[in-house]
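Quick setup: one chain, the form predicted on its own, written in structure tokens, and binding and motion questions come after.
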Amino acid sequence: MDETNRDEMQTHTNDQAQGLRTKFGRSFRVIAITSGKGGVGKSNITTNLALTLARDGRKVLLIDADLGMANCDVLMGLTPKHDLRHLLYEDVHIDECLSKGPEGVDLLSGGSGVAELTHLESEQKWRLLDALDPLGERYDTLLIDTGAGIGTNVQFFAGAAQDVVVVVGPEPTSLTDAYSTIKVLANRCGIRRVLVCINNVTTMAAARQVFRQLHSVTSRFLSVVVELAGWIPSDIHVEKAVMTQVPFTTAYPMAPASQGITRLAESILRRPPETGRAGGFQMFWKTLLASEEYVT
């Protein structure tokens, strides 16, 4: 693709994005939540963040893009009849694949135990984008729970977002893997700002210490701004909520972890989206895929 066509496509993309922001009367946000490794509470944070944003009056679509290993439905106590597998491989209409969750959040589940979903081909990615296209007028917030690590699906979904939040635990392995993920997102996806949420720590001081360790290496070796967006304290209520399949912000709204989610939501929303990144529902993804086709 020559530079003129690239510029024209990007201009069209940005014009569409501006139209959406004007239509909704508030900033349209595409937020991807990812992590360097599994087991750090990423999906739980994403699910409860979606509910918190909905309580704030936002119209939220949650896509569980941890493909083949999705569990946001379990955390919300839902049993979807259809999921991404049916959308991409069986031509089921997207409206039939959406499940109504608490607080009016709509969920598109990524399916569980389906091997072919773990590596989407370009055809499936385009089909997903075409299915999402007519949904743009229904929502002002798209929240994406990506898989963990640095796979192509993670790059695809995180690369589409205005805001990327990396969930980090206090373990040294979590820090190492978070650094690797941020490096890939910066070098391959062109992401220039990453928000960090420290999970399962005892105090704010402990969260800041974990963040300082991560920031010390990202600031030395990567051309990316890394900001501490929030922290979620260790809280027995989180485990209790998981066992009952009720989101902890619903079951225990005054619990320390629930308050941490509220602070995280406020922190994300008060930051303007990353400068220069498309703000539409799926226009950036189409631009990204079109560019890939010319490169390959």
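Keep in mind that this is a model prediction, so the values were computed, not measured. From 1 onward, residues are counted along the sequence shown.
FYI, the form predicted in complex with a small molecule isn't displayed, but the following is about it.
Trainee: With the partner removed from view, which of 135 to 143, 90 to 98, 199 to 207, 218 to 226 is the stretch that lies within 4.5 Å of the small molecule in the predicted bound form, judged by heavy atom distances?
Mentor: Result for this chain: 199 to 207.
Trainee: Please pick, from Leu49, Val238, Val60, Ile63, the one residue with any non-hydrogen atom lying within 4.5 angstroms of the small molecule in the predicted bound form.
Mentor: Contact check passes for Val238.
Trainee: How about Ala251 - does it come within 4.5 Å of the small molecule in the predicted bound form, if we only consider non-hydrogen atoms?
Mentor: Flag for Ala251 set to no.
Trainee: If we define contact as a non-hydrogen atom of the residue within 4.5 angstroms of the partner, is Thr152 a contact of the small molecule in the predicted bound form?
Mentor: Looking in the predicted bound form, residue contacts with the small molecule do not include Thr152, since no heavy atom lies within 4.5 Å.
Trainee: Is Ala186 one of the residues lying within 4.5 Å of the small molecule in the predicted bound form, judged by heavy atom distances?
Mentor: No, Ala186 stays farther than 4.5 Å from the small molecule in the predicted bound form.
Trainee: Can you check whether Ser234 is within 4.5 Å of the small molecule in the predicted bound form, heavy atom basis?
Mentor: Yes, Ser234 lies within 4.5 Å of the small molecule in the predicted bound form.
Trainee: Arg29, Leu264 and Pro273: each with a heavy atom within 4.5 Å of the small molecule in the predicted bound form?
Mentor: No: none of Arg29, Leu264 and Pro273 comes within 4.5 Å of the small molecule in the predicted bound form.
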